[in-house]
Each structure stands twice: as structure tokens, then as C-alpha cells.
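Encoded as C-alpha cells, the following chain is the form predicted on its own, with no partner shown.
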Amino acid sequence: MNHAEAAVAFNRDENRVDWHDETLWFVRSKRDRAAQTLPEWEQLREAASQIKNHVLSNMHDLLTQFEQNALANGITVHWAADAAEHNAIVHKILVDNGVNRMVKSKSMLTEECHLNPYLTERGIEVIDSDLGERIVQMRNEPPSHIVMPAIHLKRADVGDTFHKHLGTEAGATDPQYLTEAARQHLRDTFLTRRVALTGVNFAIAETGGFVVCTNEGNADMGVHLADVHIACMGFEKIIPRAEHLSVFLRLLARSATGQPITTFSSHFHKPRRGYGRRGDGRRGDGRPGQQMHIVIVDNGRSRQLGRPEFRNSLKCIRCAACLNTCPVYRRSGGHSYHSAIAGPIGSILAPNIDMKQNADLPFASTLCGSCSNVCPVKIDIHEQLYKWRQVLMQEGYGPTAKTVSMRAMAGVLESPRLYRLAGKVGRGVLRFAPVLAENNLNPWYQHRDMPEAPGESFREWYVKRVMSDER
């Protein structure tokens, strides 16, 4: 089902659409107020954009530097060319450690690679520990938003889900009660899993360390109690130096949810050392230390980096500001985008992974430019969406009906005689046989009122006026 068809299904519930629209706009408004508290906001955006420009131009050197420093810190570094290789690496780490259960914090990269179903098919139980992710996991749904995965659900939906899976009271909607139920449910998961997987928000080439940002502390809970920490990152998450972190951390939370800072910004530099007591009573080496693995994934990013008109999309820091402001996303829902990352930025990234399957997404935009205006790293999102449309049509991935109609329109516009004739036919249809245009076969009419047909064309009106003036 393409975006337009999925959006029609979402739009059948008008009250939910209005609620979804207002909820996302509330978050967008919080972002505006947070940004206005910083007089240097635009300077921060420019600094972030320039740092990312440097990263895109020096990607190889920065990744090599990061690998060397990470290895020196005792981290095992893996490289994955695509999603299949990423999934196989994670699976091998689990098998090598004799583990068939894992706790995972939010990682859009693992959604992109479809890691959960891959591991489930191989007998591995994966529990997502981010509350929103856990809710949609229970419902067997993908996240609908990259920062707020369950934003499409109301409290009653969450209450029903918890009643079904956690045995809470039927009809419960109290946030504190539901949160406590989730906390008790996840606590056992944290205490019993030997492997924890996290995403990566920023990897620092200078130190070989990385930063994971969460609002719930779930990544910390999983990692600190586990014997093995696996961190998965797309290679564009690299930044040159630790001093650059402050620029991005100030932008990230304000752009995402309007917060001054993410509640937990956890820095990981090396595996935890062994602890406990040895046989001779000395502390620190009585139990094996923690393993730390980082999986650096390409999965089409090199291809995107090689496209000059689309490489800026790799600047994205996954704040979702473009989703929250997008009038199409707010009114069509995240699941209508049928890709791991929904909304405007996802509509740029998805065709790079699979041009045929995601050819509809760049057309899910009004090109109003609101996404570009709020982007904290100044990605020209709406311009890239427009360019993708041109590329997709030239490559033959446009809808057949649109391709045929555009060719017909080009023929009409190239011929003044045909143009005048088409105008007369169109005005005649609207005036004398409106049913030919006002029917459900016309997608334009399904959501709009057809305009009243003028009695004459602009050219006819202009010619009459000139002739009248000459007399």
C-alpha cells in the first residue's frame, strides 16, 4: 500500500486525525518556545551544519580515527556493509555468548535493518525497553515516529494494550498507574538479560567513545546490568571532537521535544572492568569484565554520500522536528510512510535504500519548506524532496497514471492551439457536464470542491480588452 492509500485509511477517523495533528503541533510549538530562549540559536544551527559539512567531507579519516581509538579503549569494532550483515553480526555475538534473550533500547538503525524479526526468527527474545517502543512492540506495530514511537496512540489504547499483555485493570487510563505497570514489567527484564543493545546518537572520533541520549534512562539500566553491550550506529553519527558535542546536545532535545536537554546523555568510552573479589581477596578481577561491541553500518549511506544533491540528508541527527511540523505527516500518520523513518527526512532517506519500493514517499509533501526551516542542522529537506521527484520520474519509478498524464500535459503546453482547445473543453465540462469531473474517479475532487468555471479564458479576456482600448 503506498502513502496515499495508507493516508486515506488513517483519515477515515477524523477525530483521531485532528487529535494527532494537534498533538504534534503542540510539540512543534514547544520547540519554537525553547529555541527562542537561546539568542544564539541560529549561530548554533550554523555551527552544527558546518561541523556536519566537515564530517561529510572527511568521513573516511574520521571513521578510521574513531576505530583506532575505540580499539585502544578495548571496544570491539565491527563493520557492516548492509542490513543483512549488521543483523548477522549481532546474532553471532549473541550465539558466541550463549544468549537467547536480549534487552534493547531505542535504535532507529535496528528498525531500518529489521533486527527484531530477524532475531525472533532465530529463537532470540528481544524486549524493547523504551516505553513507547515497548508499547508498539506489544501491539506488533512498527514505531510511527522516530522520537515518540507510540505518539499515534491515546491513553485508552495504551490501557487496553497493558490490560491484554500485562494484566492491568481493564479500562485504566491513569498515566501514573500505567507507567508503574510498565516499570515493574521492565525491571525484571533489566535484571535478567546478559546482553543489552543500544543505538548511538553521537560517536566521537577524537576519543573513540559514543553518546546515547534517552529520557527514561532505560539504555543505562540495560547496559550497566549486562555483561555484553552492543551499540549499533550508522556511520554518519560520527563527529570530530568531544567539544562539538555541546552544539548538538543543545540543539537535539530542543528540536525534538522542546526540552533544554535530554534527561540522560550517557557517555560510553570503554567496557566496564571486572569486579568482585579474586581468590586472594583482592577486589576488581573476580568476575569477567563487560564486553563492548560497536557495529558501524553503511546500508546505502555511501551511495547517498556520493550523490551531491542528497548527501546533506546524512547530516540528520534524528530529532524529528521536520515530522512534528510537516502538515502531511501530522494528518496522515507515521505508518502511512511504510519505512523505518517516517516524515520528510525519511522520504529523502528511504528512496536511497530502495528506489522502487519508496518511490511514492517524496510526493508525500506540500514542499512548503517548514521542514527545512526547523531543521537544526539546516538540511534543505523540501528541496531534496523536489529533486527526488525529478530523479524518480526520470528513472521510470513514477506512477503510470501520473507519467501518462504529465506527458499528455507536456504535449498540450507545447501547442498553443491544443492549449486553447483544452481550456475550452475543460470549462465546458465544468459548466455543462460537471459530473464528468465531480466523481470519485477524480482524486482531486475526493477532498476538494471543484472551482467554478470562468466564462472565458484569460487570453480571450485580454484580447477583448486590447481591442476595446484600440477603438
Partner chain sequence: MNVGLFIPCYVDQFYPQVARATLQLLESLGCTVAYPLDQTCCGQPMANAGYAHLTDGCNQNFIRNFSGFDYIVAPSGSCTLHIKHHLHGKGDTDERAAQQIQSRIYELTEFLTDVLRVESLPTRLPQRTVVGLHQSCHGQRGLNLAPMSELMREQGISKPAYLLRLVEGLELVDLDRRDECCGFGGTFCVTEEAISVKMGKDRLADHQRHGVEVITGVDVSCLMHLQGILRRQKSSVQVKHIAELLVKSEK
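Positions refer to the first chain, counted from 1. Whichever C-alpha set is largest while still superposing within 1.5 Å between the two forms counts as the rigid core. This is a predicted model, so every value here is computed, not measured.
Heads up, the form predicted in complex with its partner chain isn't pictured, but that's what we're talking about next.
**Q** Hey, of 142-150, 256-264, 357-365, 82-90, which bit sits against its partner chain in the predicted complex at 4.5 Å between non-hydrogen atoms?
**A** Every other range fails; the passing one is 357-365.
**Q** Does residue 467 reach its partner chain in the predicted complex, with heavy atoms at most 4.5 Å apart?
**A** No, residue 467 sits far enough from its partner chain in the predicted complex that none of its heavy atoms falls within 4.5 Å.
**Q** I'd like to know whether residue 434 contacts its partner chain in the predicted complex, with contact meaning heavy atoms within 4.5 angstroms.
**A** Contact with its partner chain, no.
**Q** Using a 4.5 Å heavy atom cut-off, state whether residue 389 contacts its partner chain in the predicted complex.
**A** Yes, contact at 4.5 Å.
**Q** Evaluate residue 290 for contact with its partner chain in the predicted complex, applying a 4.5 angstroms cut-off between non-hydrogen atoms, and reply yes or no.
**A** Taking the distances in the predicted complex, the answer for residue 290 is no, it never comes within 4.5 Å of its partner chain.
**Q** From the list 240, 398, 300, 209, which entry has a heavy atom within 4.5 Å of its partner chain in the predicted complex?
**A** Of the listed residues, the single hit is 398.
**Q** Indicate whether the candidate residues 58, 125 and 309 are all in contact with its partner chain in the predicted complex, with contact defined as any heavy atom within 4.5 Å.
**A** The answer is no; none of 58, 125 and 309 reaches its partner chain.
**Q** Pull the contact list for 20-55: residues with a heavy atom within 4.5 Å of its partner chain in the predicted complex, in sequence order.
**A** Residues within 4.5 Å: 21, 22, 25, 28, 31, 32, 35, 36, 41, 42, 45.
**Q** Given a core-based superposition, decide whether the C-alpha of residue 12 shifts by 2 Å or more between this form and the one not shown.
**A** It does not reach a 2 Å shift.
**Q** Could you check whether the CA atom of residue 457 moves 2 Å or more between this form and the one not shown, using the rigid core for the fit?
**A** Residue 457: C-alpha displaced by 2 Å or more between this form and the one not shown.
**Q** Is it true that residue 444 shifts between this form and the one not shown by 2 Å or more at the Cα, once the core is aligned?
**A** Result for residue 444: yes, a 2 Å-plus shift.
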